[in-house]
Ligand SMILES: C[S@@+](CC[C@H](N)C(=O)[O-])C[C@H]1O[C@@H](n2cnc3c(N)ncnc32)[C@H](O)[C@@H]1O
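In structure tokens, one chain follows: the form predicted on its own.
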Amino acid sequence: MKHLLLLSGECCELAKAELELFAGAKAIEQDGNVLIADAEKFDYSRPAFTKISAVFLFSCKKNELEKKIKEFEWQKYYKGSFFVRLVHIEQSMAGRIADIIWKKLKNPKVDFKNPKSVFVFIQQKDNVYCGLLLNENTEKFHARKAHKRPAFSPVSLHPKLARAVVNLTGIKKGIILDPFCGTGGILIEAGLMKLKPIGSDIDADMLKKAKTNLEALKIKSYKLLKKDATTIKIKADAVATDPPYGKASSLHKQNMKKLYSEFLANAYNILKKKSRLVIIFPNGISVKSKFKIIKRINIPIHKSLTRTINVLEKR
């Protein structure tokens, strides 16, 4: 099925990778932040860097829009009531578009509160894309930022990025492990997606903070363990983690590489064949392992720091 997807503007590469590796989406066409992709049905609420998911209906030039709307068979996608949602298009056009669609339907009904069919129109420069809305991302990631959680750590991932890291593993259900869990940022996002998060850390204080945060956000079925990531013996369906780095970790570059190398060697035994591990490294750090590299995505954290998301798969 063709999907119309409006990507978040922070990092289109990450947004596309998230859709590809979680939803199996294959890009057909991209126009700025607008992506048309082929994918089977998936949980449209999960991708962090996708603003809108819709069934793709048509695209056209802006000056051909009214003609295209008049020609399109709206009845095929009409389920009893409808609403027109405009993105990057003057809202004054909504009435005109709705009126044309109204005249093409049998027993038309406009519903502003709970429409059964939402027709979304997205303008990208001179092009307009139309779809049947499946999901609009209203997730309040900012409300879960580190400084707003009861137990604080300054090095915790932004919740939006933490969710994307989980999705890059491709996991749909089951156990996901974060062996450098810190105060639980990745575990929180995994738990909110109804996965079974397990976190481990060598720092008992961090585990205490993680428990406080998980409980505050009402995450259930989680487990916390005081274990060393390089030696932990456990089985998981996926691993997603953000290990210590830079000045905040008190690790020199050589010691970081040694830690990462020993962890990857151990992680290979944690996962089943074809399962994925997603790990974030400082940019420029490369560590050899038995894992197959699926994708690497560079993400700017601030002006002086870029980090690399590594998506690895057990052979």
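Treat the numbers as computed from the prediction; the structure is a model and nothing was measured. A residue's number is simply how far along the shown sequence it sits, counting from 1.
We do not show the form predicted together with this ligand, though everything after this point is about it.
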| query | finding |
| --- | --- |
| Of Leu168, Met206, Leu195, Val128, the one that lies within 4.5 Å of this ligand in the model of the complex (heavy atoms) | Met206 |
| Heavy atom within 4.5 Å of this ligand in the model of the complex - the one residue of Tyr222, Phe121, Phe180, Phe82 that qualifies | Phe180 |
| Stretch in contact in the model of the complex with this ligand, which is absent here, among 88-96, 169-177, 102-110, 228-236 (heavy atoms within 4.5 Å) | 228-236 |
| is_contact(Tyr245, this ligand) in the model of the complex, heavy atom dist at most 4.5 Å | yes |
| Interface membership of Leu157, this ligand in the model of the complex, 4.5 Å heavy atom rule | yes |
| 4.5 Å heavy atom contact, Ile202 and this ligand in the model of the complex | yes |
| Non-hydrogen atom contact Leu259 with this ligand in the model of the complex at 4.5 angstroms | yes |
| Members of 16-37 lying within 4.5 angstroms of this ligand, judged by heavy atom, in the model of the complex | none |
